[in-house]
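There is one chain below, alone, in structure tokens, taken in the form predicted on its own.
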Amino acid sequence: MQLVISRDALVTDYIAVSGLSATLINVVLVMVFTLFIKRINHVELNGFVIAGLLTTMGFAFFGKNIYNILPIYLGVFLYARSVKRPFKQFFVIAMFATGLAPLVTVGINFGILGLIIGSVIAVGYGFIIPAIASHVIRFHNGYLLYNIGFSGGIVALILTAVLRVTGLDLEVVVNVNEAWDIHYILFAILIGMSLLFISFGLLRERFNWSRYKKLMSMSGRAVTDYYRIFGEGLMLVNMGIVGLMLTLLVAFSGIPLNGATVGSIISVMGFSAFGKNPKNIIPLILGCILMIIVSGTVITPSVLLVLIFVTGLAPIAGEFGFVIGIIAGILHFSLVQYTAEWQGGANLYNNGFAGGFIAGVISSIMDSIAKRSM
């Protein structure tokens, strides 16, 4: 119960709030609900759906629960009814839109009335986000894989400003697990998931290095569906390899794993079915590491989230090359330090919000240079 009625603002690690057992139960409940909605709406599996499912699973470790995602699903459902289109066309949007689930508990300090008001706001957000997302993608032209994160961040920015003007100040939270005994369990979960993906992938088809090189040669710009282009086997291998890379990166940081880092790695594994691969994410991570060294930034759980989620800009590195990828990582690391505060922690996809600006600016410049040289 404590997990359900916590404020859920970024970064609220449910393991620190209610323990590992309650968190895993929450993950199961959220996934059962999501898969049930997928099934009754006959949504076919593809790379984008896989990315949405694993992102939902990952954020059920820190910010999404079976209560605070319901109003947003309702809002998206009402939008589908209003435009007279089947909900299955908006199912993926609904999954990603729950990144603003903390809106539901934004007024938790005011008791039941606060929860009711928060739920109403969340329903309204779910109703408008499909229309906003379809327009916002034009700003970054698919060079950001977290379009709903950017779209939701704009809404969160406006709502936070309104709430702050009316006297309700929202603060960013950093409440994460610091216990090493939990770290080893989470490490085993991530390694196990990664190896399972690789094993199942190799069982589905024999590994072919030439095909994997072809997969990594793609920019990853939306829409790049590895599931449909290369099939289930190679997609699973890619997901497992990316999962292993990020797990080892975090393990070598010297900071114990928590719900947020585990959830973010699972989310990135999901997007490794839809645009991310080792070649297009490494330059971005190196850009962040370079900025950490130059600025003397101390490694914290929040910094690790930036290292993991900067990969949302994978199409920038994939399309414009290694050096531009490093520059994108440097710029992203700098901007994201401030954007969480702008949104009062209401948007769980803070890196998606910051990444939208970086993707829009860099892609505009690079496209302009390309046109002049023609």
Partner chain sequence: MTNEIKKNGKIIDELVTYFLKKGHHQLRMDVNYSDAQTIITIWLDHVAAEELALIRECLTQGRDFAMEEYGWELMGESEVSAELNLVGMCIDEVEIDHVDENIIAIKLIRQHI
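Positions refer to the first chain, counted from 1. Remember, it's a predicted structure, so these values are computed and weren't measured experimentally.
As for the form predicted together with the partner chain, it is not shown, yet the points below apply to it.
- This chain is displayed without the partner chain, yet in the predicted bound form the stretch 40-48 from 40-48, 343-351, 59-67, 27-35 comes within 4.5 Å of it by heavy atoms.
- A heavy atom within 4.5 Å of the partner chain in the predicted bound form is found for exactly one of 295, 134, 208, 302: 134.
- A single residue from the set 277, 175, 160, 219 has any heavy atom within 4.5 angstroms of the partner chain in the predicted bound form; that residue is 219.
- In the predicted bound form, the partner chain lies farther than 4.5 Å from every heavy atom of residue 164.
- Although the partner is absent from this view, residue 240 stays clear of the partner chain in the predicted bound form, with no non-hydrogen atom inside 4.5 angstroms.
- Using a 4.5 angstroms threshold between heavy atoms, residue 147 counts as touching the partner chain in the predicted bound form.
- Contact check for residue 195: every heavy atom lies farther than 4.5 Å from the partner chain in the predicted bound form.
- For the partner-free chain shown, 222, 223, 224, 225, 228, 229 of 222-260 come within 4.5 angstroms of the partner chain in the predicted bound form, judged by any non-hydrogen atom.
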